[in-house]
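Heads up, the chain below is alone and in the form predicted alone; it's given as structure tokens.
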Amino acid sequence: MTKSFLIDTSRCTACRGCQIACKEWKDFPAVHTLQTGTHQNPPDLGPYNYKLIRFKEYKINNRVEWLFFPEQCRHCDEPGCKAGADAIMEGAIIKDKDTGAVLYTELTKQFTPQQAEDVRSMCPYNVPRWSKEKGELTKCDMCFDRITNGAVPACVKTCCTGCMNFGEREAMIKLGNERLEKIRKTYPKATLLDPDEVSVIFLVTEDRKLYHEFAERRTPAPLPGMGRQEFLASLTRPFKAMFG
């Protein structure tokens, strides 16, 4: 049975333990950043930051509210990035049948920067990042080495509030619905984001658009030179048509 995350943002305190645990487990180097006027740091996902706590501040019901969003790859049931990559080089991106993890293989190193950008643009959540240094597409791999050896992902292991959860998909959806029922008593707008389409299910308390531009699933834009009608037709046929 495939695995899923449940990320309950109502319990997130933005301690960034998950963000740091990810970097430490992957043995990623520090990334030089600058103060951008927000506690969010670094400013965005990158080749050495597969996990990022996004910060948003709003005045809601006459109260200042922080909304935290632990961003990562959603490991989609039908990954747009894989469909795009298959049109270029089959096997560059695979989906593990046992866990549901979407994995980028060494073959992505054979992509040109433009091909990598084309594949990245097919992600409905704008997650993959191109590494100039390594010459490959990168993103969260669900800590595949850990979960295939009976451990939970590093981000889940370090979470101390119950925000990050991981297990069999049916169990995570059940837990999500149970928490949602309780949370809606205080936050009537609370919802689960795209639970039927992804393996990383977010529970949010407010309108998803308040958290992050790409918290809302987007429809990929047409590639250069593709007319609108051709693009709309391509959404219901193999993605290879989009790459010629």
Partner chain sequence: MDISRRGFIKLMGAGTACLGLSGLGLDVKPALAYTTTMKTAGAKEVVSICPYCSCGCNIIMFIKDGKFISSEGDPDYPVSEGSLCAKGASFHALHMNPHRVIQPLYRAPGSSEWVEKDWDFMLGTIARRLKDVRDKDFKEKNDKGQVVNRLDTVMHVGSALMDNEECAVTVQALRAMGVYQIDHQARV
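Positions refer to the first chain, counted from 1. Note that the coordinates shown come from a computational prediction; the quantities given were computed from them, not determined experimentally.
One more form of this protein should be noted, the form predicted in complex with the partner chain, which is absent from this view; the next part is about it.
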Q.
Can you tell me whether Tyr104 touches the partner chain? I mean in the model of the complex, with a 4.5 angstroms heavy atom cut-off.
A. yes
Q: Answer with yes or no whether Cys160 is in contact with the partner chain in the model of the complex, where contact means some heavy atom within 4.5 Å.
A: yes
(Q) Given that the partner chain is not shown alongside this chain, does Ile94 nevertheless sit within 4.5 Å of it in the model of the complex, heavy atom to heavy atom? (A) yes
(Q) Test of understanding: in the model of the complex, would Asp196 fall inside 4.5 Å of the partner chain by heavy atoms? (A) no
Q. Which residues in 128-151 have a heavy atom within 4.5 Å of the partner chain in the model of the complex?
A. Asp141, Phe144, Asp145, Arg146, Thr148, Asn149, Gly150, Ala151
